[in-house]
Structure formats: structure tokens, C-alpha cells
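Before any questions on binding or motion, here is one chain by itself as C-alpha cells, the form predicted alone.
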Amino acid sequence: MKISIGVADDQQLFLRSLSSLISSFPECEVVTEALNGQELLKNLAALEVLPDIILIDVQMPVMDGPAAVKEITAKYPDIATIALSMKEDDHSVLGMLRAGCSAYLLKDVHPRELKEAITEVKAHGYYNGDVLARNRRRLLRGEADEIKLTDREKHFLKLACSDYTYKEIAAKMYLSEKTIDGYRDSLFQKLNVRSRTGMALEAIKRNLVVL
């Protein structure tokens, strides 16, 4: 059975091109398209069979990505969502993750990685390019190495999954920015990631933080 996909983006040319690309994957089929979150929710309400996964842009008119994902997560918990955006700032990434997205991809992603993300989210409910790139076999086997964090690291991790900058986190923890950099580097190593996005995704997956 093919993986059914919904796509939402306010740029019609990109929307059509993305749908065509996804339809070219043998294991996928596009079942609905929308130009904004409100139209997407209207389409979902009219479908007899809901899509398995929705790829959704962050910035859209009428109803943006975070608002739409939050409502989809509440109304249709069996639908997984993947953010696909030109923006990779912390505010955009963490906003979509907090809303309920299972992955965050940039629009210039290679088609091979897009296909991989779709199949991983369908199979495991989650995709983190950082982890897959550095430790693919461990993730695919579903093994979860025990992560031991200090209380300070837990506090830092919770703040790092918010909109605060590292400088603001340092102020809130009454620590120097150099010390905060140390916590960041330590958690990158413990979680086997290379970016703040990867750290947040892995923390959510492992239930180390609750957004």
C-alpha cells in the first residue's frame, strides 16, 4: 500500500512541483493539496481516507504552518506532519516542532533525502537527518542508548528547545556564554547530533523534554 501524502504551500508553482516529485516516488501518492492551513483543514474534513503524512510550509497566509499543525495534531493524531521551509532559524524550527511536526526539512532538500524522510516518518514516526547521517543503523534497529544527563544539562536542554538564544539561555542560567557552549557541545555529543534542530528532535523523541 502506498504512503498517502498531503501537501500545503502558498506558492502554487512549488506546490505543483513538489506534488509531481512526490508522485514520482513509487511508494507515495499525493491525495490532497492546499495553499494554506485553513484550506488544508477543509480538505481533510472532506476526505474519506486521511493522508498518512502532510508536508507543510511554515509561512502561509490565512493560517500558517504552526497553527495548522497544532490543529491537525489535535483533530487527526494519526496524521504525521513534516515541515518543509526556506527558513531554518530557531524560532521557525522550534515553533513547528512544538506544534507537533515529526521532521523539519529545508526546501532545497535533495529528493533522495525527502523520500527518506517520508519513509522514516511513516515507519518510525520521526526523522532526524543529524542522527541518520551519523548513526543510521542504530536508529533503524530502533535501539535507544541510555542518555545520562546532569540536572544542569536537563535545564539547558529544556531552554534550548524554546525560542531563547544561547546568550539569553546563559543569562537565565546565570552562566557564561562559554559555559553554555560547553553544555551545547556535550549534548551534541551525547545525542549524536550536529545542530540545535537535531538536538531538539532527538530530545523530543527520547522524551527528555516535553514541549
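Keep in mind it's a predicted model, so treat the numbers as computed, not measured. All residue numbers refer to positions in the sequence shown, first residue = 1. The term rigid core refers to the maximal set of C-alpha atoms that superpose within 1.5 Å between the two forms.
Beyond the structure shown, there is the form predicted in complex with the DNA, which is absent from this document and is the topic of what follows.
In the predicted bound form, none of the heavy atoms of Ala45 sits within 4.5 Å of a heavy atom of the DNA. Using a 4.5 Å cutoff between non-hydrogen atoms, Ser195 counts as a contact of the DNA in the predicted bound form. Proximity of Gln59 to the DNA in the predicted bound form: non-hydrogen atoms within 4.5 Å are absent; the residue sits far from the partner. Phe188 belongs to the set of residues with a heavy atom inside 4.5 Å of the DNA in the predicted bound form.
No member of the trio Ser4, Arg16 and Leu21 reaches the DNA in the predicted bound form with any non-hydrogen atom inside 4.5 Å.
Here the chain stands by itself, but in the predicted bound form one stretch of 25 to 33, 63 to 71, 45 to 53, 175 to 183, 175 to 183, has heavy atoms within 4.5 Å of the DNA. In the core-superposed comparison between the shown form and the other one, Thr197 has its Cα shifted by at least 2 Å. In this overlay on the rigid core, Phe25 has a C-alpha that sits less than 2 Å away from its partner position between the shown form and the other one. Leu44 is not among the residues whose C-alpha shifts by 2 Å or more between the shown form and the other one once the rigid core is aligned; its shift stays under 2 Å. With a change of no less than 3 Å, the CA-CA distance between Lys154 and His91 is smaller in the predicted bound form than in the form shown. Three angstroms is the minimum change: in the predicted bound form, the CA atoms of Gln189 and Thr81 sit farther apart than in this structure, by 3 Å or more.
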